[in-house]
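Just the one chain here, the form predicted on its own, laid out as structure tokens.
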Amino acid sequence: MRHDKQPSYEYIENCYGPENEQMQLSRKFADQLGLGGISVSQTEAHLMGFLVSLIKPKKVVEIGTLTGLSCQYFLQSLQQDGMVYTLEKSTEHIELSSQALKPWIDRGQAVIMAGDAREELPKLSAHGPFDAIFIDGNKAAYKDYWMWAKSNIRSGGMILIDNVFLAGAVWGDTSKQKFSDKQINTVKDMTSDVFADANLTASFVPTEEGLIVAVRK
């Protein structure tokens, strides 16, 4: 969860200027749900969109839609005939994100897949391998998402994993936000696997939330 915005983020976002109308709609919907604090910051979303654009993606998977904000940054990074598959379990989130993503859904560039990602991801495998995969869903399922992602990413493809610091809980700080032992151990175990995999090159990006970027060799 994001707390007070860091001065560096305020400076960066002032340089970028305001987000577009559809992105602001996603933020409005998140605020209506009381979840504005967990929407990805403009600083982090811009970074992820930029990184993904470097590999000229045509097929992107996002695990965790919320109200469609981060999805829009990936959509901006797509090649003209590209597609983003975004997975979401909450029917309320799907209803709102469908409105925010309507221009891309109508053009056939975005598909929202409803249901538990652990059940839906195997159905997507037939459309792979994928150019980029973004993990930002149920923290207790991060290891399952990761195992699927590394099996379905193309050579040279990019996997991005958000919230890997768990507000400091992975190094023992539980003052900002409470996470279960299962969530903490799952994220730490997944992180260890990321950096132990010889088929990948990976790095932390020390954002406020903690971002891992991994590229398949």
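All residue numbers refer to positions in the sequence shown, first residue = 1. Here the structure is a predicted model, which means the values were calculated and not measured.
If you look for the form predicted in complex with a small molecule, you will not find it shown, but the lines that follow are about it.
For the candidate set Val187, Ile153, Val40, Ile161, a heavy atom within 4.5 Å of the small molecule in the predicted complex is found for exactly one residue, namely Val40.
In summary, among the residues Ser98, Gln76, Asn138, Gln109, the only one with a non-hydrogen atom within 4.5 Å of the small molecule in the predicted complex is Asn138. With the partner omitted here, the stretch from 188-196, 170-178, 153-161, 59-67 that lies within 4.5 Å of the small molecule by heavy atoms in the predicted complex is 59-67. The shortest heavy atom separation between Glu88 and the small molecule in the predicted complex is within 4.5 Å. Taking non-hydrogen atoms only, Gly115 approaches the small molecule to within 4.5 angstroms in the predicted complex. In the predicted complex, the small molecule sits within 4.5 Å of a heavy atom of Tyr145. For the chain shown alone, Phe130 is not a contact residue for the small molecule in the predicted complex, no non-hydrogen atom being within 4.5 angstroms.
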